[in-house]
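Okay, so here's just one chain, in structure tokens, the form predicted alone.
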Amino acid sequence: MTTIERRLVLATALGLPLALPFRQAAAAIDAARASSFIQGTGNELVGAINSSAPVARRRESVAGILRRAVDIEGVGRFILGRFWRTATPAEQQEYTKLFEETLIHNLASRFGEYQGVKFTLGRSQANTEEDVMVSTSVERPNTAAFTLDWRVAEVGGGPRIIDMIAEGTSLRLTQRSEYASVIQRNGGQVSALLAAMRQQITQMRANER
């Protein structure tokens, strides 16, 4: 198992989305709006996760919620970082597609298997001029509650999740470092990362059969 896969398993085992980036297009948002957005999103996720529907149906529901809540377009570009500029247009297009599938598939698969989740909203406060940090407490059966902080900004005219902080660690920065490491170990070739992502997706699909 690669470092990326181990980190993915750890994050999703805790019920955490992957690293979510801050987009340049983000605009200022007030704390009340950010808090309301996270409360609504959390309630939707809990409702889908705790439903009596089959696991496959719960995964589909969670995937739809995540697509609406997360700034997916900004995710890939931030995490790929400076390598976005060195990638060819074809590589950029493939990366964007692979990244969305990887992100949503992993999160929906993990979230969709959980039940008995509780979600409690905590304090909200401005983090930068553009975003607000919303603190929440997440509980699962037979598991100690943990604090999960969500960064929220206005993106494309609506609130979106742009980062998550778990145990003091920004997941967006961790994921960016790991992707960069894969590329650098392969002579700066973005194609190496794309190959690893394709393999990861193939493995994820096989595991669901």
Partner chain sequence: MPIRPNRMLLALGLLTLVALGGCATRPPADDPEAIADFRQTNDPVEPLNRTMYSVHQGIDEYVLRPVAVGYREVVPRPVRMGVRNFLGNLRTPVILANDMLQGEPRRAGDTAGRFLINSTLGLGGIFDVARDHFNVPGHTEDYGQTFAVWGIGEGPYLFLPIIGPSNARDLVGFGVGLVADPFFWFGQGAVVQALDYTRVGATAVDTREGLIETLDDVQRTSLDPYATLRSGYRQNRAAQIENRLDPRAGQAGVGTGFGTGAGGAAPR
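Just so you know, these numbers come straight off a predicted model, no measurement behind them. Numbering follows the first chain given and starts at 1.
What follows is about the form predicted in complex with its partner chain, which we do not show.
- Only one segment in the set 163-171, 33-41, 46-54, 59-67 has residues whose heavy atoms sit within 4.5 Å of its partner chain in the predicted complex; it is 163-171.
- At the 4.5 Å threshold, heavy atoms of E178 reach its partner chain in the predicted complex.
- Its partner chain is not shown here, and in the predicted complex it never comes within 4.5 Å of any heavy atom of S124.
- Residue contact check for V190: none of its heavy atoms lie within 4.5 Å of its partner chain in the predicted complex.
- At the 4.5 Å threshold, heavy atoms of V182 reach its partner chain in the predicted complex.
- Shown without its partner, the chain has S137 as the single residue in segment 116-139 with a non-hydrogen atom within 4.5 angstroms of its partner chain in the predicted complex.
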